[in-house]
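The form predicted on its own is given below as one chain in structure tokens.
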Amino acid sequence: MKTVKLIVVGFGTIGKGTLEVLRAKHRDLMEKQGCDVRVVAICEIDGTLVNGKGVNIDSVLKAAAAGKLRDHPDWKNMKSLQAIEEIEADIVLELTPGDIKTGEPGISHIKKALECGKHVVTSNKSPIALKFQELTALAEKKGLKLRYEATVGGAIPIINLYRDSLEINKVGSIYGILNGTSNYILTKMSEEDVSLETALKEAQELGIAERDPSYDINGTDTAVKLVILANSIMGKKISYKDISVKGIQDITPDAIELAGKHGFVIKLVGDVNGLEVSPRLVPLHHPLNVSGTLNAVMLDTDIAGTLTLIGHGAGKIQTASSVLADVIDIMKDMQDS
């Protein structure tokens, strides 16, 4: 049985969720894929857990929950770039938070992994949005895989669906709801006649919105995802600066009520063709009228017609589903080579 070694870079919400799913599905991976998947390193900002035979996931998750990760016997004072370069592994999971201004530290992690001959799976939107052409060209030059399904739509397999099943199609447009936090807030405002501030506070209490929700509220997160879809599916060469972005911060209960009286809801919609993110009126019975934290994406194709994909666009377990789907895809290629 082939052993596949992973390095996890970034052990926040998504990193922990990925290990939780990996722990639960390890036997399935062994039986269905014929691979023994081992996490040989977990990189945090100030050090790295290292075990060439595979870290004990149970003990790591318990230590993290207790805030004692640095007391774990596998803990070493090793920075992430050093770990990526020196530790023997097949795939690097780059799961750090993104900085849309610089793309760091994700860009450096991805470059280092590819330069060292390691495949990459990432949930980090910023490097893919800012350096798509450069990073994909480097992966191709090195004969390696760079997978990033988890950057858009949580568990919804938008990018992989196109790559695996729709490549014969020309995609004419992509538009939809790509941010679960803003959709939750607009849904709450519509259904319960509350202010944006009240809906946001509840979203934060439930863990749906971040402490600093500005990227979600002002449309930045949607715009970044739009760039990734445009470049990866439609072959465009655009960056974040090409997108006109307007968020939901100015939406009032009066505007929500007025839209409802005329048979509409207000949704934050990203539109690739229009290179725009903005609040739009959506008919009540339109496919994009989804509630809560759901995302909905519509692809117009020349052969398959219009496809609508709906699912949970956030959540550590849902995002882990996409991360590990990309890992499995790479593992299959490794077995075939």
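The shown structure was predicted, so the numbers you read here are calculated from the model rather than taken from an experiment. Position 1 is the first residue in the sequence shown; the rest follow in order.
In what follows, reference is made to the form predicted in complex with a small molecule, a form of this protein that is not presented.
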item	value
Joint contact, 10, 13 and 44 to the small molecule in the predicted bound form, by non-hydrogen atom at 4.5 Å	yes
Interface segment, criterion being heavy atoms within 4.5 Å of the small molecule in the predicted bound form, picked from 111-119, 187-195, 250-258, 124-132	124-132
Residue (of 146, 83, 89, 150) lying close to the small molecule in the predicted bound form, criterion heavy atoms within 4.5 Å	150
4.5 angstroms heavy atom contact with the small molecule in the predicted bound form for residue 219	no
is_contact(residue 19, the small molecule) in the predicted bound form, heavy atom dist at most 4.5 Å	no
Non-hydrogen atom contact residue 172 with the small molecule in the predicted bound form at 4.5 angstroms	no
Partner contact for residue 224 in the predicted bound form: the small molecule, 4.5 angstroms, heavy atom	no
